[in-house]
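Only one chain is shown below, in structure tokens, and it's the form predicted on its own.
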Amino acid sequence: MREESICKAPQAKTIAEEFVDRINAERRREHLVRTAPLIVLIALALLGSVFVEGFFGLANLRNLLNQSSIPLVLVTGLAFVILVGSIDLSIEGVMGFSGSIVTLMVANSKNAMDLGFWAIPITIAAGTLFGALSGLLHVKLRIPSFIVTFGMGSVATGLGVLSYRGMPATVTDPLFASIAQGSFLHIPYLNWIALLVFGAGCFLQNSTAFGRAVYAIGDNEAVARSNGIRVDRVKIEAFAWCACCAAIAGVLGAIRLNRGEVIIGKDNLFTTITALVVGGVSLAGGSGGMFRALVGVVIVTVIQNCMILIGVDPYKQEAIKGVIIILAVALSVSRGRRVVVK
């Protein structure tokens, strides 16, 4: 037998075999992206229990719950905007605006107005209008979402400062005190409210036509439009829901601080985006969801908590969060197929 017949060169793969290999590689990658946040969370918990004193103590677990409540409300709203392939940079402004005006509509140290409980839904409605207007400008005037929402955030911040004219109001309404200090099953009311908002987000995502449309638009907007989905309307609704959640977060912040000023929203945007990306919500849209957002919030909260407990400088904490978000995006983004933000 000739030597050439024994040592045959490997045959080239057919087109079908290459296609199957590519599909399998994509599935392995998606599985890794889906499970990696949970693995990271477990690893962080283990490291925290070993290297951070009191990490699993009851007091620190309550701190973790308190620290995660407002970010959980914010990711519940922003996730929908990112899932449709857009971004909302106005959440800090809307949050600060809402936290400012709600304190002026209940019993406070600055004016005689006292609408009691009704101040809360009025404030949330006002905050939601910012999101609806951002969505309307984005889809009708074809302005990139990051430009529209960045400007809208500045408008909301300015109106918030104007509302109290540089002298923030202190709340004297007993309703705020009872919400801030009350608890159910040893869990503060503020945490229960955050969980209710998150539950509403899960319902919207899994049980409504709006939730299904959000994924369809994020996956392929042209196909979604050709299949009869009212893309513009869904996008406006997504921005309105995001602003609604930001307004709720602003009210929660005002209740927690017992006063209203625009700095209530400060430093929440970057943390919210970091939590979503780290949790596995794709900035390109169409991939992710509420569970991944929840995991991301817990991861970011645990990292922040550990850095505080071991005494990391606050400026270094921001730098570390910046590195985390860059790494998370670099590991999760699908290169060469789509833009990151539409």
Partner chain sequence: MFLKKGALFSCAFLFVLALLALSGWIPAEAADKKVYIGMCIHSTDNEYWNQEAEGGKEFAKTLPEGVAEVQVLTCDGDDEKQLNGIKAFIASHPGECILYVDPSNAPNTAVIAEVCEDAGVYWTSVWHLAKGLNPMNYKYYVAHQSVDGVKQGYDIAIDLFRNFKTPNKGKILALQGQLGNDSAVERYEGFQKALKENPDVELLDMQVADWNPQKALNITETWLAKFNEVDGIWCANDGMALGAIQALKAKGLNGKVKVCGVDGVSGALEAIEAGDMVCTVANNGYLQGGYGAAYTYAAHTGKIDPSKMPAEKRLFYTEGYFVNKDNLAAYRKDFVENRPVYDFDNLDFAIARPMALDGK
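Numbering follows the first chain given and starts at 1. A quick note: this is a predicted structure, and the numbers were derived from the prediction, not measured. For clarity, a rigid core is taken as the largest C-alpha set superposing within 1.5 Å between two forms.
As for the form predicted together with the partner chain, it is not shown, yet the points below apply to it.
Of the heavy atoms in N206, none are within 4.5 Å of the partner chain in the predicted complex. Under a 4.5 angstroms non-hydrogen atom cutoff, the partner chain in the predicted complex has M167 among its neighbouring residues. Among heavy atoms of S183, none comes within 4.5 Å of the partner chain in the predicted complex. The partner chain in the predicted complex is approached by E318, whose closest heavy atom lies within 4.5 angstroms of it. Checked against the partner chain in the predicted complex, the residues L257, L136, L159, I143 give one hit for a heavy atom within 4.5 Å, which is L257.
Highlighted residues E53, N60 and N63: every one comes within 4.5 Å of the partner chain in the predicted complex, counting any heavy atom. Remark: of stretches 35-43, 65-73, 22-30, 284-292, the one touching the partner chain in the predicted complex is 65-73 (heavy atom within 4.5 Å). Along 257-274, residues L257, N258, R259, E261, V262, I263, I264, K266, D267 each place a heavy atom within 4.5 Å of the partner chain in the predicted complex. Core-superposed comparison between this form and the one not shown: the Cα of N66 travels less than 2 Å.
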